[in-house]
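In the block that follows, a single chain appears as structure tokens, in the form predicted on its own.
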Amino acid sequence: MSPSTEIVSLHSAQIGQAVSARAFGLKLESIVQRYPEATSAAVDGISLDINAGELVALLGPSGCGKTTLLRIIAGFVAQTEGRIIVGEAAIDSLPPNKRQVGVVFQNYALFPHMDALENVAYGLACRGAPKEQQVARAQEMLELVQMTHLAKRLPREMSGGQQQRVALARALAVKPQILLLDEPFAALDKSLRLDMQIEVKRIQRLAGITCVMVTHDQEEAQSMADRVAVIHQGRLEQYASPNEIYDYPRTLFVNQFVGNANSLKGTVTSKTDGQSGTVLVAGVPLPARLVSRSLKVGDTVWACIRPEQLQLCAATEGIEEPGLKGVLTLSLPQGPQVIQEVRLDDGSAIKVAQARASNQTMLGLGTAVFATLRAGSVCHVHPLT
């Protein structure tokens, strides 16, 4: 059976019987984690208010502190400062096994000598539940994740996606108040990831359980999360919905890390009320959103333009277009779109993303072109330092 055919719609009533219907909010208050040998904090004053039933993604590059933050929530690491509150109760003093937090690890951490049913029942056994209750609950959770038919299989006899389902069932079996996912799709083939993302999101949503997911995959965070916390060097850069983070990045790091962005030096040439203005880039005035209100006319800045905000046209001799002039140097088809690289006259390179039509005639490499902003698009302008 293929992963896509395994995905089955689950009714809320079924989920409600399998997972506690009550959802709990999670609040992190000024969490700091310092290690004696480090010169800077691994987590530096992060505060998050996560609503009950919400899925929040901790997004950032390797070493930014997102996994440390997850381990602090789970109780595996004691924070240096700050508080963790689930519902209305602080859980800082509780050991991991008393926090009512379920964890799905990156490598799933299934016991190799136990079959799927035994793995799912393990947490209940540790809590002293009667054997009959362990089996009944484990069977219920395997049914929830569509794995009943593989109840007697060992982990080595299952695919990565099947192991992930068992790990998820094990985490949910103990009726946790909070579910933590640590890079849950990193070990899966790309072709399986989307199916598993859909399945995990469906189960989380219908179960109504509050979930925190660690990932460095921006597409994964944007597609699954209700809100995304972008973390860089231990600090929270932005906490907002996926659309807001992509469309209105607050910092240069967020603009460059989430999605793709062409970052070009420019000069602010006008500023109106609010955050609108104009920036001069490579001699071309472009409409801009000034991210920092402290920016003023004459400031040298970074102007960030997403590849899909640009379009190309051939430079016709004797006709000057209001766009960035350059030469087409590379064209990379990527399924429904084509990524093109343009070398500008000042030597800098930009990327342009265009939809690919089956009968489309593409511009040839070496063609002189103008890259212009699509209608309604603006570049995001950030301070130079």
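All of these numbers come straight from a predicted model, not from anything done at the bench. Numbers for residues come from their place in the sequence shown, where the first is 1.
Keep in mind that the form predicted in complex with a small molecule is not shown, yet the notes after this line are about it.
Peer 1: Might Thr68 be said to contact the small molecule in the model of the complex, defining contact as any heavy atom within 4.5 Å?
Peer 2: Flag for Thr68 set to yes.
Peer 1: Does Gln106 reach the small molecule in the model of the complex, with heavy atoms at most 4.5 Å apart?
Peer 2: Yes.
Peer 1: Does the small molecule get within 4.5 angstroms of any non-hydrogen atom of Glu237 in the model of the complex?
Peer 2: Contact with the small molecule, no.
Peer 1: Looking at the partner-bound form in the model of the complex, is Pro61 within 4.5 Å of the small molecule by any heavy atom?
Peer 2: Yes, Pro61 lies within 4.5 Å of the small molecule in the model of the complex.
Peer 1: Please tell me which of Leu344, Ala42, Leu28, Val56 lies within 4.5 Å of the small molecule in the model of the complex, judged by heavy atoms.
Peer 2: After the contact test, the surviving option is Ala42.
Peer 1: Sort through His232, Arg83, His216, Arg153 and report the residue having a heavy atom within 4.5 Å of the small molecule in the model of the complex.
Peer 2: Here the answer is residue option His216.
Peer 1: Tell me which of 349-357, 34-42, 48-56, 324-332 has residues with heavy atoms within 4.5 angstroms of the small molecule in the model of the complex?
Peer 2: Among the candidates, contact is made by 34-42.
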